[in-house]
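Presented below, as structure tokens, is a lone chain in the form predicted on its own.
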């Protein structure tokens, strides 16, 4: 589909900010001596992914098989599907591997390992597996010291599958409230991964890959000795949650949603715009942070943020804008038809609402449209 001009609501991408974000992470990981395997669930676009991977020896990380297909079709073959594998997807994984995709899967349970072993026999496929390790009780994974770790590896290797190593995602990093706690979380993430990989090697498994990371821990890690790769993705765009964690500044956020004022609520001094939760998402990731940004921070059309003006509420296609403290806006400053930009709480969630990006520069002008892959 060809796009000729933006119609609100739509997703804007400031490529200058994006490039700065990419280079900052690249420089940091080079200094730490570890490869980047970027998580492309954030960008979902081949042009951006190529910029993310330039100069890095590793492949990419995806969160859906649709992403894996899209990037494989564009020449990227080394792919980690970093969501615990559903046994019902194993035929699809086997098919992709038969077509040349170097696709690794993730699991954390002996029952899943048994399903993979059965599928390996059925399809004649030597699945490549990372065992997920839990650093903080936030999501999936085994504890590094769990007995099931060695059991899983044995099941897989008996079936001829490759136990390629371990992966860890410290979701608890999103609850850290200062730099010291973030650094400790990054250290815990690495330690759990390295410990688990060491146990696998002691049991006779090569386990060459030790995969760690998130944008927060990658930003604050001081020592990644023993890790072979870092998975970060949100850093490409950044967002209000990352800003609230101290990972970035507001001015680093590279995406925003362009919206138009469609009405005034005179009774409480609020604006109505044509970007509701279908355009912004319902992510409220800043709600527990020191500064609650509602459903997004409001900027003028050029991207300059207003002081304490946020999206206070959303319906499906309507956004409600007001002051953070509830005081009325001067509605005369925002006539109907005014264009505004909304910075997202969570870049992945907001971008997922859109088919693609309008590339903008400063002064504001939408110049080119880039599509995003979608689906599971």
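Numbering follows the first chain given and starts at 1. Since the structure is predicted, the reported quantities are computational estimates derived from the model, not experimental observations.
Unshown form predicted in complex with a small molecule; subsequent notes refer to it.
Item checked: 4.5 angstroms heavy atom contact with the small molecule in the model of the complex for residue 139 -> Although the small molecule is absent here, residue 139 would touch it in the model of the complex, with heavy atoms inside 4.5 Å.
Check: Though only this chain appears here, would residue 44 touch the small molecule in the model of the complex if you measure heavy atom gaps against 4.5 Å?
Finding: Judged by the heavy-atom cut-off of 4.5 Å, residue 44 is well away from the small molecule in the model of the complex.
Next item on the list: Please run the contact check for residue 167 against the small molecule in the model of the complex: heavy atoms, 4.5 angstroms, yes or no?
Entry: Close contact exists here: in the model of the complex, residue 167 approaches the small molecule to within 4.5 Å, heavy atoms only.
Check: Quick one: is residue 174 in contact with the small molecule in the model of the complex, heavy atoms, 4.5 Å cut-off?
Finding: Looking in the model of the complex, residue contacts with the small molecule include residue 174, since a heavy atom lies within 4.5 Å.
Check: in the model of the complex, which of the listed residues (128, 199, 231, 96) lies with a heavy atom within 4.5 Å of the small molecule?
Finding: Contact check passes for 231.
Next item on the list: Scan 215, 256, 293, 259 and let me know which has any heavy atom within 4.5 Å of the small molecule in the model of the complex.
Entry: By the 4.5 Å heavy-atom cutoff, the listed residue in contact is 215.
Note to self: Heavy atoms within 4.5 Å of the small molecule in the model of the complex: which stretch in 320-328, 64-72, 336-344, 36-44 meets that?
What the structure shows: Contact-bearing stretch, as computed: 36-44.
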